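First comes one chain, alone, set out as structure tokens in the form predicted alone.
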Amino acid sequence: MGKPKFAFYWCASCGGCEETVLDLNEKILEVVDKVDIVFWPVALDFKRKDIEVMKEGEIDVAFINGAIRTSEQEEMAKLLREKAKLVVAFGACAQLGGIPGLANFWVRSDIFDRIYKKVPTVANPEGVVPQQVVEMDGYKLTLPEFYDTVKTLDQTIPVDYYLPGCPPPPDLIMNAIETILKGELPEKGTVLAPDKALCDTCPRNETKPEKLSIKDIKRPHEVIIDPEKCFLAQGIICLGPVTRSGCGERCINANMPCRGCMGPTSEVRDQGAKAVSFIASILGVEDEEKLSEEEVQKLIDKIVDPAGTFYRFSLPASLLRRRRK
């Protein structure tokens, strides 16, 4: 019996998930010793045809990172689903839609108009934008279709497991690989990370007041952040209460608030809506000194880009999914 066959593929994302595989450092040698990587086009010379000739289920595990933005990504996701026994949504973009999913606040025409015509550094007087099919000198050039809506991986194909994070922490990746190799995977649909909120493991947890109340809202660059004190107690928006732990508190340890990249716990359906709810519940001061509606509105207005703040990683997976066309 040969080694298990692993595949890695990159859809709509920044590439950080591919890089984090290399962050396994010397442990990547252990992985290579135990598995055969049969598809990893970002790192090795593999082609689509290498997958197409494989039998159904020939790949043991396919790790697919990135959201689904184009027809090519959808085709490759479906091809890998056909050839793989297990598919892992690898990283925040595959699991939730990620930062590419914020494009769902616009439509394709808006995006093309901005990128190819209005950006100050673009010189395009004829207003040329990419076309899906162009014929020239008797040849036909085709490009993948750029979809109007960014989708999560599981809105495109069935997904067996999820590895969260932007990017997934190396220790979670290694734990997942070892669990797969041992055949000790939990039930399908499981997120392979601790199912508790980041606040529970945050090193600043003990400094969070029992009755938390925000009297002012500041952005990180506007204040000197106390490296020991709860961000929310300092008036800085932190999504730790609505975000899954397991990241190693990387942002917190760098003296930056949680942005929500690990996604919600199993108890939260819509991470952004939950964040809006908990922030709304702590605006103002103690009951006897409640702020007026006007004062509360002034506080809310200090939250720059609420949609991008609360749905930074999760818009396509949320109840909203996108702005109505």
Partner chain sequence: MEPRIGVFVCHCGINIASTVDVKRVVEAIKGYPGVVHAEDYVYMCSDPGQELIRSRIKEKKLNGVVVAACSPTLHEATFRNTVSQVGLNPYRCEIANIREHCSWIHTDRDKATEKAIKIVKSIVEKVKLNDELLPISIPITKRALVIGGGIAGIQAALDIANAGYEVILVEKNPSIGGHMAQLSETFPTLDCAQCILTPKMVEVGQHPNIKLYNYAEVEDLSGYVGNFKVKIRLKASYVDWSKCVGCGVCMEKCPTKVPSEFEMGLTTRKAIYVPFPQAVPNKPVIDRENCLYFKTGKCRICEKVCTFGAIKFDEQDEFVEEEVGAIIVATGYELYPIEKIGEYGGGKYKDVINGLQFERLLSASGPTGGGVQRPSDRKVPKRVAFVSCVGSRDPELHKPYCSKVCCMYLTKHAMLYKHRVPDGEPIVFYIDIRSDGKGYEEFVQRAQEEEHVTYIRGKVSKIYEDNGELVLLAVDTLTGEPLEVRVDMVVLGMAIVPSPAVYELAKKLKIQIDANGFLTEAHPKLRPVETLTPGIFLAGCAHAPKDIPDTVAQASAAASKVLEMFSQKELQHDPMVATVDEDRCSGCGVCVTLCPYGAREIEVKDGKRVAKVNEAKCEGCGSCIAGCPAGACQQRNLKDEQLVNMVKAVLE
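Positions refer to the first chain, counted from 1. Predicted model only: the values in this text are computed from it and were never measured.
Another form, the form predicted in complex with its partner chain, is not on view; read the next lines as being about it.
Participant: For the chain seen here without its partner, which of 209-217, 156-164, 171-179, 121-129 has a heavy atom within 4.5 Å of its partner chain in the predicted bound form?
Facilitator: Within 4.5 Å of the partner lies stretch 209-217.
Participant: Here the chain is shown alone; which of 268, 256, 300, 35 has a heavy atom within 4.5 Å of its partner chain in the predicted bound form?
Facilitator: Here the answer is residue option 268.
Participant: Answer with one of 75, 195, 222, 110: the residue that has a non-hydrogen atom within 4.5 Å of its partner chain in the predicted bound form.
Facilitator: For this set of options, the contacting one is 195.
Participant: Check whether residue 142 has any heavy atom within 4.5 Å of a heavy atom of its partner chain in the predicted bound form, and answer yes or no.
Facilitator: No.
Participant: Residue-level contact is defined here as any heavy atom of the residue lying within 4.5 Å of its partner chain in the predicted bound form; does residue 190 satisfy this criterion?
Facilitator: It does not: once its partner chain is placed as it appears in the predicted bound form, residue 190 has no heavy atom within 4.5 Å of it.
Participant: Does residue 241 make contact with its partner chain in the predicted bound form, using a 4.5 Å heavy atom cut-off?
Facilitator: Flag for residue 241 set to yes.
Participant: Should residue 234 be classed as touching its partner chain in the predicted bound form when contacts are defined as heavy atoms within 4.5 Å?
Facilitator: No, residue 234 sits far enough from its partner chain in the predicted bound form that none of its heavy atoms falls within 4.5 Å.
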